[in-house]
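Next up is one chain by itself, shown in structure tokens, the form predicted alone.
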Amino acid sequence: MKRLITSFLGILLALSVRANEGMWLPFLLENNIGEMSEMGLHLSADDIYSINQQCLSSAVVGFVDLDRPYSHFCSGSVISALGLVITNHHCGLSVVQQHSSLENDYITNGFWAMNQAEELGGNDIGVCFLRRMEDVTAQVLEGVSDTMTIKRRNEVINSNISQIESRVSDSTGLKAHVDAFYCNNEYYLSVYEIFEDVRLVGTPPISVGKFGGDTDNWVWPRHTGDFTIFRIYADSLNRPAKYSAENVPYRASNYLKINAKEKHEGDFVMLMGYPGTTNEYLPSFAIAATQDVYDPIVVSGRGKSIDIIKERMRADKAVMIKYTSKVASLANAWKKLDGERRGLAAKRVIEKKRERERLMSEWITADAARTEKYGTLLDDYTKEYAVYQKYRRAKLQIDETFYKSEMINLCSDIRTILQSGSSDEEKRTKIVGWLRDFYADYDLKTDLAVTQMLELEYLENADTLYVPNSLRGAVGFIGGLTGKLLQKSLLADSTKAFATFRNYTQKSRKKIENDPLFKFTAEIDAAYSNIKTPMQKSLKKTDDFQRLFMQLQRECFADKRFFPDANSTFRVAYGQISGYRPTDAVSYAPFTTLGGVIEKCDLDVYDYTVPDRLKQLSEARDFGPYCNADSSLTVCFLSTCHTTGGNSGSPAFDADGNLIGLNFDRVWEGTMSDLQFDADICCNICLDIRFVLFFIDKYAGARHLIDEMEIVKD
């Protein structure tokens, strides 16, 4: 018993949340405010989030695609009374690309509106403000019992959620959304105000906004000027409205003040935003599957795809414009997952999870009631996860092969809409819109090269049980087969494709279905469905096991603080400005400067191109009031806040709640933090707000934007 107690003490110490770990709910910050104050914060919990007074959270926004209003792809913050919003360059890159052409290459040259009339609207993104958040667990779980089947439990929960969302939305005019927390054990309501008219105001050239490119992505030291400025527009009554020339700049009731003073190691830092997804509480066998099965599939295929696309981009400027955003998206996931699997292995996370599960098993068997409740949970979960893993591997291989072929992916989407119950007119409108977007950013040669490579890799690694019939035995000539399918398809000719679908009727459907690529895609879709259906059935079971496993962890380690996994809802994280030591004898300082940008430029690396204007400003040391005491100009800094995807663009605050930077990345050694946070190596990377001010003022000459902001200098 003494040994067991000692083991528990050891594991509890290892599991205890460190000061910089966690993505915390804003309306429960009273549980954290004491610790935050000890670290240097000068604010109260109500100063950060409140429904009764002005607070920092009311100046933070989530960026959304308008057709997915509750999935925040990035974060941002309001920085002027007239609705200026700042976020990351990579968050706005698709909008910049949308407005770019060979004649107006805003990607390469940047863009700055010198007055409101020049701001670029008509974009398919919006921003949402969190107006309030509350616990509705009791309402959601009303009528739920432990004896219910999984299916019935989910039906009751979904019905209750629908009623809550409808009731709140109808009564407030705002948008209500209920999300699950702690692996479906608790439920919280978020009420949003969503603005749909968001216009591009200014963005640096990609050589600044993405300086370092894929070479430096997920890497420290970093020198990337990763920011873009938008403006929110509203109707004459300051309410959300669709894009219209009649709209006016949003009159912000609250916006952030900007701290333009020099920062120092050890300074308190707080982030707010909408982190996407983490899975901190998975069992050891799920971590093993991620490290050894799932991540390697994605890393291999995407890495080779990136090489092919980049070669085409270097050879053809038109391809460069079309594929800049696409390759950035591919590269981001590729490098992140490569770092994740390496970090999991280096930190022996699987072994640590297994030790934790051993202790939980001992805790269960020490009590009859616990044995009755959890006695077979770990064994049952392990067996079911093995079933799920088999299907998920097969599904992921199809996802990362055929649906990463642009034309096959489009073909699959078209097949889906043609088989739907929509009218012919609705089908025509939808598909023609897709075609317009598709061909604007498409290159057949690039797609052919990527598709042929991916299918070769697929056939070398896929379980033959799941390989579509027409591909079995195709190794050795798959390139020719796929090349013919893509090139012979009506989709290979944009003129032919538009003519076909603008005049689509049920009579022409058979002709389309006989297209060689459509026939091949039908086979792929069928194989995918045959995998996805049993996988989804198994997933429901594993999700329910995870719900119980989460309960077990919180009961077994009752003294540990458990923050809920990220799920694209509003969160607060905090830490300090700090360097880190990734490996033996290697230590990183927490700041980078413009001098480092010039040093990298001299290395003659493709991703290290620097605009002449920035070189001139650096050589003249013309940094205005934004430089440090030693006359250097800080570009980026490190802090120890817990972040993930979706936190891109999150405002970084000082101890007084002033804006000091923009979060935009994590260090590569710590990307495993989505599954296991390690305070020694899991750091986030921020762009210093003073570099932003310098760039707007000295480089872009957009002083009118600086004049809109409230800057704290003393």
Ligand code: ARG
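Sequential numbering from 1, following the sequence displayed. Everything numeric in this text was worked out from a predicted model, so none of it was measured.
Another form exists, predicted together with the ligand; not displayed. Remarks below refer to it.
(request) Identify which of Y588, Y504, F438, W218 has a heavy atom within 4.5 Å of the ligand in the predicted bound form; exactly one of them does. (result) That would be W218.
(request) Could you check which residue among H90, H223, R571, K263 gets a heavy atom within 4.5 Å of the ligand in the predicted bound form? (result) In short, H90.
(request) Using a 4.5 Å heavy atom cut-off, indicate which stretch of 250-258, 209-217, 117-125, 152-160 touches the ligand in the predicted bound form. (result) Of the options, only 209-217 has residues within 4.5 Å of the partner.
(message) How about F63 - does it come within 4.5 Å of the ligand in the predicted bound form, if we only consider non-hydrogen atoms?
(response) Looking in the predicted bound form, residue contacts with the ligand do not include F63, since no heavy atom lies within 4.5 Å.
(request) Tell me, yes or no, whether N332 is in contact with the ligand in the predicted bound form, where a contact means a heavy atom of each within 4.5 Å. (result) Looking in the predicted bound form, residue contacts with the ligand include N332, since a heavy atom lies within 4.5 Å.
(request) Would you please decide whether D665 lies within 4.5 angstroms of the ligand in the predicted bound form, comparing each non-hydrogen atom pair? (result) Result yes; D665 sits at the interface with the ligand in the predicted bound form.
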